[in-house]
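Listed next as structure tokens is one chain, alone, in the form predicted alone.
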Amino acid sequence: MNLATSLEKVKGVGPKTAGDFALAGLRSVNDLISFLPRTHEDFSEVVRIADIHPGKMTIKARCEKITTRPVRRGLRITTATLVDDSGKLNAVWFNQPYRTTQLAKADEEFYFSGEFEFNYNKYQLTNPSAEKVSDMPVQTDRLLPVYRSIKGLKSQLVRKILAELRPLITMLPETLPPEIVASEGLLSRSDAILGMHFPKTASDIAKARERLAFEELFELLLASQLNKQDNAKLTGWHIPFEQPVVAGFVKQLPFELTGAQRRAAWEIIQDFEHAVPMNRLLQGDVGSGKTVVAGLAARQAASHGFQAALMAPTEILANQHAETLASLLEPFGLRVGLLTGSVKGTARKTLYEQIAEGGVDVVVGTHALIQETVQFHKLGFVVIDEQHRFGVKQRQELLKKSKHMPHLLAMTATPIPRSLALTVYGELDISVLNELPRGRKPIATKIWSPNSRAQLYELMDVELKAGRQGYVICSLIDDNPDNEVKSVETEYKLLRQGPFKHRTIGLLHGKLKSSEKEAIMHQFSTGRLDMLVSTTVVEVGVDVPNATVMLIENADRFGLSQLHQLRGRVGRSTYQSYCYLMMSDSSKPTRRLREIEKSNDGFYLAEVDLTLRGPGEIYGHAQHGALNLQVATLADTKLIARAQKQAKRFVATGDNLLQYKQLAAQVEKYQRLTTLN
């Protein structure tokens, strides 16, 4: 038997069991060994019900009575009475109705492990796990691995088959260079896998997690270092610094650049002068002025005959960028073109010709830019806005439209935590815009209960009466009878017929035609609409300085990063702005709502978001695929620093990666996943 052996050939795995594993994506011995526990339950200290006290507790008991009832749409509560020889205890589960079937036999004993706390005016065991005593392995310790239940896969089944594979696990080959394992004081890979699946103590788990987390981070960081090394071998366009050109651009601006904008622009200008193509990420909080920095760089490139291309993820955002760049660059005789799906027929054909002949200096567009029919005359500078929304292939297609590798500036309005910048974006040079333009005031943010809706509407109307404008954000387009979330259509009708019937209101969502979206946004930006009821299509890029108030319905259903992005649509002038977060119900606000209520600092909120939600939200699963970090957390800055040091040393010494087959395969995958080249 080896790692590639099919699970069907393992003792104890029949056709049905093999089918269960296959449904969960586990087909080989290696698949199962690599399927790590999501947590471990400590059954080493089991207390009697009579001796229970607040905190994490484990009891051995029977279920005397159990019921499930709907409390409101989307929430079902299961309540049970648990008994042992010393007394009785209440347990409660939220949205786990299957517990009724699981605990149906009154004479069956279970280990229940959960938080014993005071809730709903009484003490109870909250959301405890439940393991049949008869399913527990025969071992003196009770540190039991708990696995993700994919497609109904049971933890006890995973544990049973892994016990058969234990001898093979002890012989697993090392995947990291031995000198790194030794210098970092790490467990061998086999001991780490054993420590996860068969721990005897909490220390076993901690050491195993350290080793496996280090390996995951090392793979990711090594991929970034190798990408950076590859980028350094490329030949790019040389764009010399023209001081009068840059000074003239800055002088004609109707505002003063912030210190952060000046630093970022200078870093880009210096990169232009190098033979190696720029590979830079410009990250700045909402409203920090990234487009102006990109415009300055485009002006510099155009002074030497180079074209610039800016690719945005939505037509609304592309239109916004085109308008901004035209106002910045056309006074100098530069021509800005807009290429989106809405540009058709003769206009599209003419634009293609102008781009190919050099008649357009800056082309702003959506995915339309990467079509084969788009040929540039001399593309020297590429800007990818909200770059995490584009796939690697899409970025590469745009970069290929130049004889030499063009300089690349990736922009994001989602502030990236330092740990994520070091790992996922480790190959990039990073510029940070952490200052807001002069005169901007912090946005006043407040959580509201639905019970106070009438009072909130009055506050919003005060702003509209003063000549300002507002947004109301909803998360769905159509009503769903099985979902409480307000739809944008329903909200639009409700506000028009009710509290804001004396106001002009527009409706915006992703299902509208491009021309309809443009018309609505034009009406709103020119002040012909008092209020815009919208989905999250306004999350990025929409810039209406007169809009000072935003209501986000069902705010507890949104992620922290998205809430901050949405909030950034107001506060774009010297007027005081307000963001109101309406809860779905009158329950206690979540931590992310409390965090965004107290802070306007996107970089702080990004760190919190990473802790609460993981890297997927920021990194963009849909475009890049999962990072597949089973153990490592990108919030562990100390371990990241250790892994980064070893990755740099590995590259510097020229060690042969191919002698470590498994490591090489993972690194190659991450190189493809994260590269911007």
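Note that this is a predicted model, so its numbers are computed, not measured. All residue numbers are counted from 1 along the displayed sequence.
Not pictured, yet referred to below: the form predicted in complex with a small molecule.
- Distance criterion of 4.5 Å from any heavy atom to the small molecule in the predicted complex singles out Arg440 from the list Arg440, Lys207, Arg496, Arg280.
- Screening Arg572, Arg159, Arg503, Arg348 for any heavy atom within 4.5 Å of the small molecule in the predicted complex leaves a single hit, Arg572.
- The candidate stretches are 77 to 85, 525 to 533, 173 to 181, 286 to 294, and the one lying within 4.5 Å of the small molecule in the predicted complex by heavy atoms is 286 to 294.
- For a residue to qualify, one of its non-hydrogen atoms must sit within 4.5 Å of the small molecule in the predicted complex; all three of Thr258, Gln261 and Pro545 qualify.
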